[in-house]
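Coming up is one lone chain in structure tokens, specifically the form predicted alone.
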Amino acid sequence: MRTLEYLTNPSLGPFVRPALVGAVGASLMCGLLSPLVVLKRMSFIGQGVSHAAFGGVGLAFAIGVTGVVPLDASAGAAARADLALMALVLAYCAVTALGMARLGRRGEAEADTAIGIVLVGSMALGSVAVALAAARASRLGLPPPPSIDSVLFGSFTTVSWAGAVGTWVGLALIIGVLFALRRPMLFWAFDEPVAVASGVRAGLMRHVLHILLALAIVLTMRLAGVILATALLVLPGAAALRLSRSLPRVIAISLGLGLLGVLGGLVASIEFDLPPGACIVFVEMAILSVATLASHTRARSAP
């Protein structure tokens, strides 16, 4: 298998191992949030935040923060450059996510329109900013910014050890926040009107979840790209909710299916030399199809 060869090859392993470590952390992070995203019907908001990440990347490139360092740079310099890029994109996405959360308080049609405007506006901003950054680098003789394809669709080579470790730090942060807010968050997710009547601060829950979504998308975009990162926040939870209605089981199934989809997609990407983000989405969609079929079969066989 090419996968084993890549992992054991001294020249290829350094490019694959960080991506694999980061992928496991990203799958668990997104699998944990996915049931909440599906229950609150926030997939379109997640799509808006992921596209906002492209605008954030473009702005970072335009001001010279590209995450790219010379080949002879130290590991510490590379890590600092990578973390600086992720911090800027996260700040941009967090502001955008909070704006969407505020819009979510209004009518559904108005909020959807505003999110759509943010989505296309961020993509346009990112496209223009990346072009300006490339022209600026060429004029000043600087290294060009990373390929736009890797930003949109993900790549093995863009996942560094700093990014992989950052994914696990993000996972720990998300687990801590969700554990601290587990009761009001779940109450709000399942029955918002009753939760509000019982004293749960729905606005706070919405803002917290939006920020966690922004964090997950920024930490996942190196692997899956900003276009496909949302799939990891929707498909595992959608499949899990078709297989169970017990919340602990739904979360466990979502985590397992998210991990299976990411690892299966990475193996397919290596074996067939295809983009990792697209392969992960195809595997996750196949899992969702099987889960849907199993749910329909079980419903028909029930007395």
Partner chain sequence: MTSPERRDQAAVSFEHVSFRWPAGPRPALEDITFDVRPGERLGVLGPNGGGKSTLLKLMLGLISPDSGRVRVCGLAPRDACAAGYVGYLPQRIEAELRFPVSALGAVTMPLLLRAKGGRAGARAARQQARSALELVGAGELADRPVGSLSGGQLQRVMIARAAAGHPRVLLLDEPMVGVDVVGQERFAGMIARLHERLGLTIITVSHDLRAVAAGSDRIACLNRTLHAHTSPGGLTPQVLAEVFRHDVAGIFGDIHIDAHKASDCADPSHGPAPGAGAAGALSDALRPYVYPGSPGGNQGPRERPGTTTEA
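Note that the coordinates shown come from a computational prediction; the quantities given were computed from them, not determined experimentally. Residue numbers count along the first chain shown, from 1.
Just so it is clear, the following notes concern the form predicted together with its partner chain, a form of the same protein that is not shown.
V194 is the sole member of V194, A172, I117, A124 with a non-hydrogen atom lying within 4.5 angstroms of its partner chain in the predicted bound form. The contact residue chosen from V267, A278, L39, L259 relative to its partner chain in the predicted bound form is L39, the criterion being a non-hydrogen atom within 4.5 angstroms. Contact with its partner chain, judged by heavy atoms within 4.5 Å in the predicted bound form, is confined among 139-147, 182-190, 89-97, 161-169 to 182-190. Proximity of I227 to its partner chain in the predicted bound form: non-hydrogen atoms within 4.5 Å are absent; the residue sits far from the partner. At the 4.5 Å threshold, heavy atoms of L152 stay clear of its partner chain in the predicted bound form, well away from it. For the chain shown alone, L241 is a contact residue for its partner chain in the predicted bound form, at least one non-hydrogen atom being within 4.5 angstroms. Mapping the unseen interface onto this chain, L59 falls outside it, with no heavy atom inside 4.5 Å of its partner chain in the predicted bound form.
Of the residues in 249-272, only V250 comes within 4.5 Å of its partner chain in the predicted bound form through at least one heavy atom.
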